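We begin with a single chain expressed as structure tokens, specifically the form predicted on its own.
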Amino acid sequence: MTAARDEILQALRNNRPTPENHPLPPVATLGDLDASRERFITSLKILGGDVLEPVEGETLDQAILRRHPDAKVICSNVPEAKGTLPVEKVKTPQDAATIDVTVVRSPFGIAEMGSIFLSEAELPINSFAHLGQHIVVLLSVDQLTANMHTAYQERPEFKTANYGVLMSGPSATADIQGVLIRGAQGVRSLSVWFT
């Protein structure tokens, strides 16, 4: 029985079409192609996220303190915000658990879902974006894509990242009675600062 199985598998391997002879069809572009800031914000707010709008002359550090006045430990992985804990000191999940506000830059956002993408390129450890109390995400408006289809087609991060996460707001859970609790298993708030 094993010999017959091996013969069949080898015959399949030998006769498998090559990509040169049978290229894959192009991926269809589906859905609404609106990649606007307004669509992103609407979707983000539906899922509990928010936009951290700057006040005239305000720095990112000042805006973070305005949004989170009780924050003591602010860990920034971007040069635009200093924070109080150098990102180099976050080496374990236990270190990340002490963070009040995490500050990172997302390479792109998805307007349809109000989601931001993070990978190991933005996170010193994977739990960096999940164990702090709040997360502030810097996002360039010109890095918005319309939907998951366009993100998959256009964004190289999907092919190069070893680890990736799409975040659309604070973590949340709901019970069978429909009681929604935000910040249940991860960050309690997600704010986007547009650059």
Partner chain sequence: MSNKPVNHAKAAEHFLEDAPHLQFHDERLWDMRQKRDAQMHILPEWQELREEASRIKEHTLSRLPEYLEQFETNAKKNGIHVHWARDGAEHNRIVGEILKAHNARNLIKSKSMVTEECDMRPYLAKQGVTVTETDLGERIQQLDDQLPSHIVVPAVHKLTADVAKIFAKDYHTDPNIRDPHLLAEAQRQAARPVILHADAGMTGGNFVVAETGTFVVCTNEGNADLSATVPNLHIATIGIERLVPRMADMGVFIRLLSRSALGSPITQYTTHFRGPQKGGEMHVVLVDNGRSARLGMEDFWTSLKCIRCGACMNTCPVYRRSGGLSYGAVYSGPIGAIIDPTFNERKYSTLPYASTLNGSCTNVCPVKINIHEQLYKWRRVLVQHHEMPFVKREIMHMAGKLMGQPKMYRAAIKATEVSLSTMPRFVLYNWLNPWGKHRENPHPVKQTFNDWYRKNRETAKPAAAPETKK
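Please read all numbers here as calculations on a predicted model, not as lab measurements. Residue numbers count along the first chain shown, from 1. C-alpha atoms forming the largest set that superposes within 1.5 Å between two forms make up the rigid core.
A second form of this protein, the form predicted together with its partner chain, is not displayed here; the remarks below concern that form.
- Is there a non-hydrogen atom of residue 93 within 4.5 angstroms of a non-hydrogen atom of its partner chain in the predicted complex? Residue 93: contacts its partner chain in the predicted complex.
- Non-hydrogen atom contact residue 55 with its partner chain in the predicted complex at 4.5 angstroms: Result no; residue 55 lies far from its partner chain in the predicted complex.
- Answer for residue 65 alone: is it within 4.5 Å of its partner chain in the predicted complex, judged on heavy atom distances? No, residue 65 is distant from the partner.
- May I ask you to check whether residue 112 falls inside a 4.5 Å heavy atom distance of its partner chain in the predicted complex? Yes, residue 112 is a contact residue.
- Query: Can you name the residues of 143-163 that have a heavy atom within 4.5 Å of its partner chain in the predicted complex?
  - Reply: Sequence-ordered list: 147, 148, 149, 152, 153, 158, 159, 160, 161, 162, 163.
- residue 69: with the rigid core matched between this form and the one not shown, does its Cα shift 2 Å or more? It does not reach a 2 Å shift.
- Once everything's superposed on the core, is residue 141 shifted 2 Å or more at the Cα between this form and the one not shown? It does not, since the residue 141 C-alpha is displaced less than 2 Å between this form and the one not shown after the core fit.
- Message: Quick check: residue 51 between this form and the one not shown - does its CA shift reach 2 Å or more after fitting the rigid core?
- Response: No; residue 51 is a residue whose C-alpha shifts by less than 2 Å between this form and the one not shown when the cores are overlaid.
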